[in-house]
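Next up: a single chain in structure tokens, the form predicted on its own.
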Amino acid sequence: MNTPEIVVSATLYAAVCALIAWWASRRTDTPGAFFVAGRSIGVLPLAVASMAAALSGFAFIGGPGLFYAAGAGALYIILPAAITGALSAWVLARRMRLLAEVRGVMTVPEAIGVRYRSPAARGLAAVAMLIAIAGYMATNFLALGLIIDAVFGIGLTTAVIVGAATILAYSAAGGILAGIYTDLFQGAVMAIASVLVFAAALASGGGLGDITRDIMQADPVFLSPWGTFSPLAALSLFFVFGLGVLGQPHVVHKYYMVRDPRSLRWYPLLMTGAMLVTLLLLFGVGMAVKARVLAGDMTPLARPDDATPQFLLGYASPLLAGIVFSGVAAAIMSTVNSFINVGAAAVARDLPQALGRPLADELRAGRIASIVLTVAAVLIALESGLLVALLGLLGWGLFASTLVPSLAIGLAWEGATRAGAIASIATGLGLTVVLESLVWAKQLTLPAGVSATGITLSFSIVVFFVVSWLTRIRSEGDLDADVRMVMRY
């Protein structure tokens, strides 16, 4: 990967990020600017930045590999992209932005605390988020380090530190304002790379029709409705990714930042369009590599995650490879930046206020928390491969099972109670940690097609409804009049 084209692409990319960080740092002088970009972001940058933060490196590496291995069944992960933008905007976007107007809310746990008048629910949500964020940041730092080392050959440890320092520089200096505009640039790189690679993928097999025909003749199961998955496995993926996205704080946190709440009516169209364009690479590379392997033009992959690198080596120009590898780095960096900001807000704002000890200088505390979180994630990434693997598994499940019921359902249902929210967050936190740990340690084998995240999310939702129903008589004080008005708007 250390060809001149790739090295130049990576260097230019880093330079643009540095310029954005310098510009944003001069405009970040209040907690509101640091945590929610002064609520000054237009809906188009918001949608592109949300796409970049949501997809991460999965769109470039894990996704094409999964499609190569599982066939059409992998689409049940990306098909929800057509509905989640609309669902999220309908359930969360306007309500969260209006809560920011009437209560000055800046974080996801803060919205939960305001909805239920509960510092306990807010603090518990912040703790669950921090555990998940530690895993996500560590795994992403490790992945970014591998890319930097492959391009510049500086060694994995040094590469991880350089990557983390680069992200930290613009995260701590410019806060989420730097993150949003860096995400906008990164999202544009991701979209351009996806379109170019999709075109190269089609050209490699003579067009989509020829590629499909080659695959159908040799392996018709690959393009069957479920691919190599069982129907239960495919539908489980659709459930987890379709509903679980409503609990991803690095995405929903961005709703606080939009300048005009009325412009959110365009968000579903823009977000869905951005995601579908970027996911062209996932589909195109997965199809092309499968067709070339079946035709004997490529050797079978040792690992599914090799699909994109092997395709680029064999069928793309060095310049396109440079753009794509910059896109991979962009995807990882945009996600990590969002997690740094969300985690810093939890440490500097949510936990102190939940404990009744708000900090006097939240801007300074946020910057210090960004540094501490980054250093901790780097140490985890470098010192313990087993811990990184376990924490990485916890991430999505923790976000989904602790935040979907209390936040997404809670802001749409006036019957939700404080006790129901606390019980669901505690259930999601405890059950996810226990279940994922047992599965990871191979002490528990789940039925074929059943995911741990699907189980924990389902249990958390059931607990939320049951406890809310049982405590409905005592719940009149859980919902303030202005919050009720926001929910009904």
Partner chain sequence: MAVAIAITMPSALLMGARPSGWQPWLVGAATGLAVLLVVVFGAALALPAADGSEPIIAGLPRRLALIIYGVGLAPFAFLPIAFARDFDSRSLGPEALRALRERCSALRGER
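These numbers come from a predicted model, not from an experiment. Residue numbers count along the first chain shown, from 1.
As for the form predicted in complex with its partner chain, it is not shown, yet the points below apply to it.
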Based on heavy atom distances of at most 4.5 Å to its partner chain in the predicted bound form, which listed stretch, 348-356, 146-154, 273-281, 304-312, is the contact stretch? 273-281
Pick from 415, 119, 225, 206: which residue has any heavy atom within 4.5 angstroms of its partner chain in the predicted bound form? 225
Using a 4.5 Å cut on heavy atoms, which of 269, 188, 372, 295 is close to its partner chain in the predicted bound form? 269
Any chance residue 253 has a heavy atom within 4.5 Å of its partner chain in the predicted bound form? no
Please check if residue 95 has a heavy atom lying within 4.5 Å of any heavy atom of its partner chain in the predicted bound form. yes
Report whether the minimum heavy atom distance between residue 103 and its partner chain in the predicted bound form is within 4.5 Å. yes
Could you confirm whether residue 238 comes within 4.5 Å of its partner chain in the predicted bound form, counting heavy atoms only? yes
Any chance 87, 91 and 488 all have a heavy atom within 4.5 Å of its partner chain in the predicted bound form? yes
Do any residues of 53-76 have a non-hydrogen atom within 4.5 angstroms of its partner chain in the predicted bound form? If so, which ones, in sequence order? 72, 75, 76
